[in-house]
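Coming up is one lone chain in structure tokens, specifically the form predicted alone.
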């Protein structure tokens, strides 16, 4: 008999996220929400500033997530990855919704 595989969770690499919304659109359970805003960025020598999306909020509701990994597989910027979670506990429904700070932490106890 083999030992059970430890449960992993989806972590966000905030600096890599471009707010492209692919993860949100492709999630079969709609457990991911993302908010962003647009900013103009001027580069030296550019003829005009370009517009980029800036991530404001990113949340995963683990009460809805089925851990399929579609979001991790489809992210073209590798902004989502699997990480081990040790000692995670949720005392209520609200504890299952993770924001940027909790998703980027990786090993906190919840």
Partner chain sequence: MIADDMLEVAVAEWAEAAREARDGGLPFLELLTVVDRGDELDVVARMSDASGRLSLGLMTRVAADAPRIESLAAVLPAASWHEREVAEMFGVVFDGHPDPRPLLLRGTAGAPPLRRGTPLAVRLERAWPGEVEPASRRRSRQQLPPGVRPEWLPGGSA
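Predicted model only: the values in this text are computed from it and were never measured. Numbering follows the first chain given and starts at 1.
Omitted here: the form predicted together with its partner chain. The next part is about that form.
Its partner chain is not shown here, but in the predicted complex it comes within 4.5 Å of a heavy atom of residue 21. When contacts are judged by a 4.5 Å heavy atom cut-off, residue 34 counts as touching its partner chain in the predicted complex. For residue 27, a non-hydrogen atom is located within 4.5 Å of its partner chain in the predicted complex, even though that partner is not displayed. Not displayed here, its partner chain is kept clear of residue 74 by more than 4.5 Å at the level of heavy atoms in the predicted complex. Interface residues of 54-72, taken as those with a heavy atom within 4.5 Å of its partner chain in the predicted complex (partner not displayed), are limited to 64.
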